[in-house]
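Heads up, the chain shows up twice below as structure tokens, two forms, tagged structure 1 and structure 2.
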Structure 1
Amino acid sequence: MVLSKESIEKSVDGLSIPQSLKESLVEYCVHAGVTRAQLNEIIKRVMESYEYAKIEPCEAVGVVAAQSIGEPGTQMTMRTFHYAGVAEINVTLGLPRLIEILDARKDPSTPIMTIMLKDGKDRELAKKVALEIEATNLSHIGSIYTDLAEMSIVIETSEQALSQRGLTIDTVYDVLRDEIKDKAIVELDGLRITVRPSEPSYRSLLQLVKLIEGITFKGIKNVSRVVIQKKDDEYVLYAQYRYKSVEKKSKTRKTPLEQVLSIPEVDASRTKTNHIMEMAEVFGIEAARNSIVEEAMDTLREQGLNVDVRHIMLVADTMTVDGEVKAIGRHGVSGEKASVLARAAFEETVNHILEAGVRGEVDILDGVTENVIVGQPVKLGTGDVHLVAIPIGEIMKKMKGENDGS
């Protein structure tokens, strides 16, 4: 008799195999239509294969991961830039990008936000949101020149440019006045704004020009470009920006991503950035870990390299175990190893040994590198197994204690 889906699910559910394996097992069994005896045989064989495929305890998975990422890495191009479609957004790719990810750089060279909208079908809305995100500086809306005879700065705006950016001369005037009111007097005359420094000197004039050029009249500071692209019948915004993430996060200062997320039209559940440290700041360590996996896999895939995701997952987990994103290398994981000899073998040998001597550190020779150095078997694989003798009395005592406890 062919078993029903429910009874197959019931017998599969209790097995100690991953969820995805259970699902496909049920799917195939239902599709083929199996009897109880057949199902039992299938389960037995699956369990055998699963046990066989599982990695052994004490296997050096880190070394395997290092080789599996390192070898394809040698085939990667040194080419840095790539133009993503017609939109011409620069993205760092290839080896430089992979290094950037593993180094946990605080200011990656080309951060890009992928902004999804709640209503992605409306092109006009996408344009409106794009204008709200892209920073508008003076150079976008007009020109600036200094009048030395009058000791003033003249800003000429163009009406066309203003309306294109969705601005009016009054808002520009208000923003400008708020920004520099304690340094200068601002006057509005038609489309022309005249700025007179309160202290008429050549130097203050030049300083003021620089200041005015840096003012963001509309949009989010440091977002240099926003491009709208259609992706699966939905308009998606890509924003190119700059952001250096900080160690201690202040409550008041918002990152560019946070500013974008608080725009009502933006879908805050799908909007993300390729800036891993900013993801950690905004969405926490688990999101950063997912971001590392995703970015590294995308970088490798784009180069036509096929690296198993488990290796990348191991690297991402290692980088995030301590609750913060740490680099692979001198300033991160390798530099904080417990063993003196392991650290000395990696980089800056003399410094590490000297410092360990000053502090009186002890090396318990637990890891791989230390044991290679001193010429002992490494505690890996079969080398990790010890014969331990416990007197029978001890065991009895322990068992008795456990029984009492439960």
Structure 2
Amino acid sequence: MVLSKESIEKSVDGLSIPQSLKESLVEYCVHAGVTRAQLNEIIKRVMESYEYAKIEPCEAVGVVAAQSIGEPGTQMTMRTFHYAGVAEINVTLGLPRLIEILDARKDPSTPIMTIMLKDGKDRELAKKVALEIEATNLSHIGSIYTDLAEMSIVIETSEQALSQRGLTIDTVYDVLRDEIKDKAIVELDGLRITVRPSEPSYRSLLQLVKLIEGITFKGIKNVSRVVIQKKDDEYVLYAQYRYKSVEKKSKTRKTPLEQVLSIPEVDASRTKTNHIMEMAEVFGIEAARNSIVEEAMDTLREQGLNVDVRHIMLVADTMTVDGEVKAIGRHGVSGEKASVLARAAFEETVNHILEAGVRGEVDILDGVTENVIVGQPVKLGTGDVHLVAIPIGEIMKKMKGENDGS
């Protein structure tokens, strides 16, 4: 007799396995339509596999994880991937990307946002959102030249370029006037805009040109390119941008990802970026931890390398355990170890030993590195087990005494 979903859930609920595994087990059993005998056999085999997959006590998980990531890392290439037909968008891959992730760089070389839409099947909507996101500067809508005789800057706009970007000359004029404010006088004549500095001088003219070239008339500042690609049956937007975590000086100033998420057509639950520090800033530390795992696995997988996800998860957990993203290096995890010898063995040996001597630090020799240095057994595996030999005669006497007492 085929069991109901409720019966399967009741049987699976008491098992000491992760919740995600329970849900998958219930889903597969309901789909297959199992009987009581089949369910018992499935549960027995799942529990056996789960016990086998568990890490044994005293296992040197850190060393194993380091070896498992480090060895395939030697086979990684140092190349850059270009999106098909788009020279402007490129993604750092291979060893440089893996180093970037583990170093928790505040300014990765190629931040890319993957933007999912609520209605991903509508190509026109995708185009509209792409124009809302991509920064429109003066170079996209016209040209600029300096008239030294008249001590003015002339902006020639193209009607076709304005139309393609969904802008009007009035909008451009208003934005320009707001950005320049009291620094110059702005005049509109058809598709031509003339800008005259308030204080006529070559210096103010050059500064004004630089200011005008940097104005964003539409879209999100620092988003240099947006590419639309069809993935499965929906359109996905890939946005290349520039963002440094140090740029956000106030809580009111939004990051590029926050600005994208505020667009109504964007699906905030599926939109992400490969900028791990920004993920932590916008979504929190758990999202950053998942991002480290995902980015590292994608980088290794793209190179055809098969590394067990648990090694990467251990690294991600170590990097984020304190509630902030820390690098695996002297400025992060390795530099904050309690052991003086472990810190000295990694980098800046003399500095660490000198500082420890000044402070009068004590090394309790509890970790792997420091025990290897002093030539003691490492407190892992068999080195963590202490055996005490008791003569059999004493055991027999003790047992005899307990029996007599009872």
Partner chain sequence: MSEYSVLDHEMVPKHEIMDESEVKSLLKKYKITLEELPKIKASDPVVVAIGAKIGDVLKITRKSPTGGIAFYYRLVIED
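If you superpose the two forms and keep the largest set of C-alpha atoms that fall within 1.5 Å, you have the rigid core. Structure 1 provides the reference sequence; residues are numbered from 1 along it. Computed from a predicted structure; not experimentally measured.
Asker: Of structures 1 and 2, select the one representing the form predicted alone.
Answerer: Here the form predicted alone corresponds to structure 2.
Asker: State yes or no: after fitting on the rigid core, is the Cα displacement of Thr35 between structures 1 and 2 at least 2 Å?
Answerer: Yes, because once the rigid core is superposed, the C-alpha of Thr35 moves 2 Å or more between structures 1 and 2.
Asker: How about Val26 - superposed on the rigid core, does its CA move between structures 1 and 2 by 2 Å or more?
Answerer: Moves: yes, 2 Å or greater.
Asker: Does the C-alpha of Asn351 move 2 Å or more between structures 1 and 2 once the rigid core is lined up?
Answerer: Superposed on the core, Asn351 moves its C-alpha less than 2 Å between structures 1 and 2.
Asker: Core overlaid, Ile390 C-alpha shift between structures 1 and 2, how many Å?
Answerer: Shift of Ile390 at C-alpha, rigid core superposed: 15.3 Å.
Asker: Please give the CA displacement of Glu51 between structures 1 and 2, in Å, after core superposition.
Answerer: The alpha-carbon displacement, core-superposed, is 3.5 Å.
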